[in-house]
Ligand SMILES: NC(=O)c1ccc[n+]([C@@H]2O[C@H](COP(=O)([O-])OP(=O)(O)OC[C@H]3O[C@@H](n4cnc5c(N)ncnc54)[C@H](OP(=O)(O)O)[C@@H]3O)[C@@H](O)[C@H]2O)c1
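Given as structure tokens, the chain that follows is alone and in the form predicted alone.
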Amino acid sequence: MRVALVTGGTRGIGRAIALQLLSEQFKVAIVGTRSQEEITDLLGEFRKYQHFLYIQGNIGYKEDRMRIIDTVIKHFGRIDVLVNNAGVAPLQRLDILETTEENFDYVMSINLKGTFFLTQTAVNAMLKSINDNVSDYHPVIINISSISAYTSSPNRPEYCISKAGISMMTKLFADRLATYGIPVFEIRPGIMETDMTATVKEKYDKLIENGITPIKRWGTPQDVANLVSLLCSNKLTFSTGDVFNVDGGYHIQRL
């Protein structure tokens, strides 16, 4: 059985991805910052599947990143799929002329720095599996970014910069790992119905109704999970570094 590691897997998009892969007979490890006692009901849902592991940790910390990868390898023996989904919004939404270093460091340490170095550590584990000739081994890395990678939101500059960084990170790893046959993909969700957007629901309801996206509805975590399923299928054997939009057509330039 293939093994997937999903960061930020206790809610929203990450939760949907983890459940999708579990339903497809993956062994799945999810990472979240909350204790098991805080997410008892959620873990009960996951544990309906036999091959599931929860790891509490914060990818913003080096020690946690090393422990996460070590735990997955010790428990499952390999990592076939890394889904970099963990991400946070700024502590405060502040204008680019007013935001603070605290805001900036908080977002970047998790969304970009943490994701980069977790990927580096996971890739080295993947390369060991390749060198050990692990059977039926076709690793893949999937980065969840956002339309904010190219869409300006001056009241949350840290978030936009972090997602733009994920886009370049995707290209860099895709370039470096192509020789090993490890594809790296980027998914850009659009206006998604998650905890992160709950506070601005009314604003986006109006924007969607007024046609900001050709497909007039909110995106759902399952929309992203379905694409992750495809990217894990080993059917895109001549592709890497690609960007996949899950945004209702938001990226289409229209008059």
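All residue numbers refer to positions in the sequence shown, first residue = 1. Because the structure is predicted, anything quoted here is derived from the model rather than measured.
In what follows, reference is made to the form predicted together with the named molecule, a form of this protein that is not presented.
**Q** Quick one: in the predicted bound form, does every one of Ile110, Ile144 and Asp195 get a heavy atom within 4.5 Å of the named molecule?
**A** Yes, because Ile110, Ile144 and Asp195 each have a heavy atom that approaches the named molecule to within 4.5 Å in the predicted bound form.
**Q** Where does the named molecule sit in the predicted bound form: which of 80-88, 132-140, 97-105, 119-127, heavy atoms within 4.5 Å?
**A** Single hit among the candidates: 80-88.
**Q** Within a 4.5 Å heavy atom cut-off, is Val228 in contact with the named molecule in the predicted bound form?
**A** Val228: no, not in contact with the named molecule in the predicted bound form.
**Q** If you check in the predicted bound form, is Val31 within 4.5 Å of the named molecule, heavy atoms only?
**A** Yes - in the predicted bound form, heavy atoms of Val31 and the named molecule come within 4.5 Å of each other.
**Q** Counting only non-hydrogen atoms and a 4.5 angstroms cut-off, does Ile13 reach the named molecule in the predicted bound form?
**A** Yes - in the predicted bound form, heavy atoms of Ile13 and the named molecule come within 4.5 Å of each other.
**Q** Closest heavy atom of Asn58 to the named molecule in the predicted bound form, within 4.5 Å or not?
**A** Output for Asn58 is yes: heavy atoms within 4.5 Å of the named molecule.
**Q** Answer with one of Phe173, Phe76, Phe185, Tyr159: the residue that has a non-hydrogen atom within 4.5 Å of the named molecule in the predicted bound form.
**A** Of the candidates Phe173, Phe76, Phe185, Tyr159, Tyr159 is the one lying within 4.5 Å of the named molecule in the predicted bound form.
**Q** May I ask you to list the residues of 174-193 that have any heavy atom within 4.5 angstroms of the named molecule in the predicted bound form, in sequence order?
**A** The stretch touches the partner through Pro189, Gly190, Ile191, Met192.
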